[in-house]
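Provided below as structure tokens are two forms of one protein chain, presented individually as structure 1 and structure 2.
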Structure 1
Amino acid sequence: MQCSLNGDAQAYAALLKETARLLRPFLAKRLYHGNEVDDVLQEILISIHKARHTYDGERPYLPWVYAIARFRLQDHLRSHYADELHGAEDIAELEETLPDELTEAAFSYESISGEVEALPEKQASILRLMHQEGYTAKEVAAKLGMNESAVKVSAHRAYKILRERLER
């Protein structure tokens, strides 16, 4: 981690691989489906990446990682059970709230739709379905015949490309 804080990409990749190997059994014990383990593990790795500035390399690494892992696992379980509870909700009610949440973003989908269309076809379709049509990653995966993790990874890459283009 110390090397990765100094910008060593190889050390960082090795650290993330080792962390994923450590966390897989921890998640497998707590989650029912194999694909859920993959999804949550990816969320955790992304969270580790976002929060890496809060680790200084001077205290043990594992408590820090497991704190993030537990936090994301709880988040996942909470939304999983909330989804189940709200499964019977009228879709019309959701349609009323979804556009509001989308417009809370720094910019709307419409304002960057030109940039989205310039992305590779698959990534553009995923973003269009998620942000214009309002589908969840799971629904997009079913629609495009992909698995949910692949959709998330693809969306993550698309966001990265868009961010780089928009920052230019």
Structure 2
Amino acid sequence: MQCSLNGDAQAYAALLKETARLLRPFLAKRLYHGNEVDDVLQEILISIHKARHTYDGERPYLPWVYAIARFRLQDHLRSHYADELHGAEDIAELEETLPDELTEAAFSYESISGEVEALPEKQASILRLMHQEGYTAKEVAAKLGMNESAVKVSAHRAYKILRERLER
């Protein structure tokens, strides 16, 4: 890199060739299509060319190159996934086309309230507060003098019991 910065065109060509050889496996592990690897590699080499004046000759070359490579790869993936999302169906529009019986909940709190009341009192209280009265786990914890994770664990255990009973 030092020679190429001093104007040696052959050293610069060799540097870019060697850099491409090192980066190709790095990109191949992270991208699925060969043409993507070539495209991103080309972008990286252009970025290296544009940023070569920022290279500090006192520091190693490879970490500088791999930092540029990571940024270019992230840019590519970000734009790739953004393009993928443009063609995605809006779930709200999809819901409108489905029959009502598919979009309605199979059970409401009211339809299983008898099963909920048969649970141990603490679990029944937690489910009542969360699903009938609309409190969050954090609010339920404050009301019942419990910590939030204990409320979540208790609710999860109650759901498991209900699932088993309702499956029967």
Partner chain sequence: MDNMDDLIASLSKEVTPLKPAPHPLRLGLKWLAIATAYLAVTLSIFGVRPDLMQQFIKPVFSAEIMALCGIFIASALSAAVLSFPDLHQKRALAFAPLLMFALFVGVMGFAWHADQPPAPLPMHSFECTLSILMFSLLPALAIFNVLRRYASTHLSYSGIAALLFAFSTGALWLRLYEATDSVVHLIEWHYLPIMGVILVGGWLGKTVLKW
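It should be emphasised that the depicted structure is a prediction, and the values quoted were computed from it without experimental measurement. By convention here, residues take numbers in order along the sequence of structure 1, the first being 1. Superpose the two forms; the largest set of C-alphas matching within 1.5 Å is the rigid core.
Between the two displayed forms of this chain, it is structure 2 that matches the form predicted alone.
If you fit the rigid core between structure 1 and structure 2, you'll see the Cα of residue 154 move by 2 angstroms or more. Superposition of the core reveals a Cα shift of less than 2 Å for residue 16 between structure 1 and structure 2. The rigid-core alignment places the CA of residue 62 less than 2 Å apart between structure 1 and structure 2.
In the core-aligned comparison between structure 1 and structure 2, the Cα atom of residue 126 sits 65.3 Å away from its counterpart.
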